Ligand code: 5GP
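Take a look at this single chain, the form predicted on its own, given in structure tokens.
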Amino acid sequence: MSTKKDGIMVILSSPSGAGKTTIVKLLSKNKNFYISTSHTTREPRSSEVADKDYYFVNHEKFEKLIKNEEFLEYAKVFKHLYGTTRTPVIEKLEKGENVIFDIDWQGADQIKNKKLNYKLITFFILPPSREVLFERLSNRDMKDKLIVEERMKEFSRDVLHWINYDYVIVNDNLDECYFKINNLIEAEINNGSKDYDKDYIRKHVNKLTS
């Protein structure tokens, strides 16, 4: 049973390259949110730190965690497995700490479907345009043109899941995007008024997918 002293869960999802990981780190730093660290079977990028950004494990270890039902959610994304273990998350929430998740739409669906007794707020982050997304992906740790093309194809499928989130935010400017998310979280917690235009988002999605 959830109580007012329990922490809340905030999920940020986005197509690859839309900037959710940077925003997650800002929320953790400025609002003292605990970032749920995922397990993954992929190799670390040059900028990533093991056991901080991700727990990097092999397929055998990951499959063992699945078998032992230790995951709150897990999914296959770009041929690699990602998952959030349940115990650290529940422990933080029961101590009154807020937990933020940097996960894709598959994981978000799984957590929502579990109907845990903790307040859950979900955000989907979108790029301002396909051109900006392509530029961001090309400048990332992805020099392989084929990888960027694969991400762009996946984007066309991922963006369709925006409708399943509480809020969708366009990351045109990082500070403004963070500010909007922060204000919506505060409004949700305090039952305040919410500055959110769903019609604008619907039109933006249509532009991205047309």
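The first residue of the sequence shown is number 1, and the count goes up from there. Values in this document were obtained by computation on a predicted structure and should not be read as measured data.
What follows is about the form predicted in complex with guanosine-5'-monophosphate (5GP), which we do not show.
The stretch that touches guanosine-5'-monophosphate (5GP) in the predicted complex, counting heavy atoms within 4.5 Å, is 39-47, out of 181-189, 39-47, 168-176, 26-34. With a 4.5 Å cutoff on heavy atoms, residue 151 counts as touching guanosine-5'-monophosphate (5GP) in the predicted complex. In the predicted complex, guanosine-5'-monophosphate (5GP) sits beyond 4.5 Å of every heavy atom of residue 123.
guanosine-5'-monophosphate (5GP) in the predicted complex is not approached by residue 98, whose heavy atoms all lie more than 4.5 angstroms from it.
Among heavy atoms of residue 103, some come within 4.5 Å of guanosine-5'-monophosphate (5GP) in the predicted complex. Scanning 79-93 for heavy atoms within 4.5 Å of guanosine-5'-monophosphate (5GP) in the predicted complex gives 82, 83, 84 in sequence order.
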